[in-house]
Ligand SMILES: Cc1cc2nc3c(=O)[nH]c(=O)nc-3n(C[C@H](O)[C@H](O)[C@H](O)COP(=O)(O)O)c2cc1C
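Single chain ahead, written as C-alpha cells, the form predicted alone.
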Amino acid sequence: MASLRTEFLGIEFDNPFFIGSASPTLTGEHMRKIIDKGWGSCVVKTLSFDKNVRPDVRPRLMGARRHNSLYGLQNCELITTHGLEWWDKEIKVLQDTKAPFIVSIMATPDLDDWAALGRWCEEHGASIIELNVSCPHGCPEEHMGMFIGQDPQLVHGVTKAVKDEVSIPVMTKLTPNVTDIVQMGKAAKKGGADALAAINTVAGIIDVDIYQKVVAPNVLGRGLVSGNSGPQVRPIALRIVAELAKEVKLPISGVGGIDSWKNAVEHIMLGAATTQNVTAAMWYGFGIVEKWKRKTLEFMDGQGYDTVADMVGVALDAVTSYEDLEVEDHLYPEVDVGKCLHCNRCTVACGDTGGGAIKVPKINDIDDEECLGCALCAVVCPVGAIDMVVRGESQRWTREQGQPVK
C-alpha cells in the first residue's frame, strides 16, 4: 500500500502537503490547527526585525471569479506585523505539536541581519529556514523581498550569510518576477542553499473598477501592483518548477496555483519533493487536506507508486523544446455523439478561427481535408466529447530526418 511519508532535506514529514508562509500561519494557534488538521508541515509567516515591521492596509485582498468560481487572488499583505519578542511565545505553541516546521525570514541586504535571523530560527527549533527574497509588494521599496530576489549577487549573498551561520537546512524562496529563474536558482545554490521554494506570487493587477477608476485592491481609492496567486498562476509555477528541476538540480518545494490533490501531484511530477499551499486553504479552509491525502493515496495505489519520492520528476523527460516535437499529419477530431450536447461551440470555433472542418447538422461529419489539427474544438467542448485520433496512414515528421516516418 502506498505511503505519503516524505523525506525532505533529511527530515521526515507525514505527507508532502505544507501550508506556505502567509496569513494562514500568522499565529501559533493557527499553525497548531494546521498540524491538527493533517498537513505535513507549515511555514511560519515571514519574520524580520522590529525595524522592518509595518501595519497591513485594509482591505488587502481581491479575488477574480469566472462562472461564480474563484480562480485568482491578489494580495498586498505584508510580512508579520509582530516583532521577534512576540514570536517567542507563538513558536512555543508550534513546538508543542512535535511536527517539523519551517520559518520564513526576511531582511534588507545587511548580511549581519540575515545571519542573526537565521540564528534565531535555529535557536527556536526550526527544522528548515526559508529565505523570503521574493515578496513583490511593500518590501522591495525597503530593499527587501523581490528587490533581493531579482539580483543574483544578492540572492547568493544572503543565502550564504544564513547558511554559514546555521547547521539546519536553508531553502531559498524565489520570485517568478524575473527574466531568468535558473540564474537565480543557481545563485542560491552557489550560496549554499539546500533547497529552493518556487514560486512566490506573481506581480500584477487583477482588476480595474471601470466605474470608480480604481485598481485592486481598493484601499481608500488607491491600489497597486501586488502579488497574484491561485489557479491563474499555476502554469507559471509549473514551468518554473520544471526549469529549476532540470537546470539547478536542488530539492524543490513547489508553490503556486495548487487547489486540488491533482495540482499538487503535477508539481511533484515536475520535480517538487514537497508542495506548499496558501490560496486554496484561505478559500476552503484547512480541512481540504484530508481529501487530498485520500485521493493521492488512491492515485498512487492505482498507478503503482509506493512512495511520494517515486513520483518526483517522472514527467520531466516529457518537457522538451519545439524542435524536438514530432508532427503527426493524420490527427483529427472525433466526436462522441453520446456525450455531445449539440451546443455547436466546436462548429463556431472551427468556422471562425480554424479550418471550418466541422459541419452541421451531422456533428461528426468532419472534413479531414479542411482540418488544421489544432484541437480547438476539443478545447472549447464543455463536456469533453471530442478526442484527437489518428485516421488513415500515420505520418510523423521529424526535424532530423526531414521526411515523414510511416
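Residue numbers here begin at 1 and follow the sequence given. Not measured: the values here are computed from a predicted model.
Another form exists, predicted together with the ligand; not displayed. Remarks below refer to it.
The three residues Gly40, Pro100 and Lys293 each lack any heavy atom within 4.5 Å of the ligand in the model of the complex.
Among residues of the shown chain, Leu297 is not one whose heavy atoms approach the ligand to within 4.5 Å in the model of the complex.
The ligand is not shown here, but in the model of the complex it comes within 4.5 Å of a heavy atom of Met282.
Contact between Ala64 and the ligand in the model of the complex is not found at the 4.5 Å heavy atom cutoff. Taking non-hydrogen atoms only, Gly257 approaches the ligand to within 4.5 angstroms in the model of the complex.
Of the residues Leu94, Met171, Ala242, Leu73, just one reaches the ligand in the model of the complex with a heavy atom at 4.5 Å or closer; this is Leu73. Only one of 140-148, 158-166, 301-309, 126-134 lies within 4.5 Å of the ligand in the model of the complex by heavy atoms, and it is 126-134. Contacts of stretch 198-223 with the ligand in the model of the complex, defined by any heavy atom lying within 4.5 Å, are made by Ile199, Asn200, Thr201, listed in sequence order.
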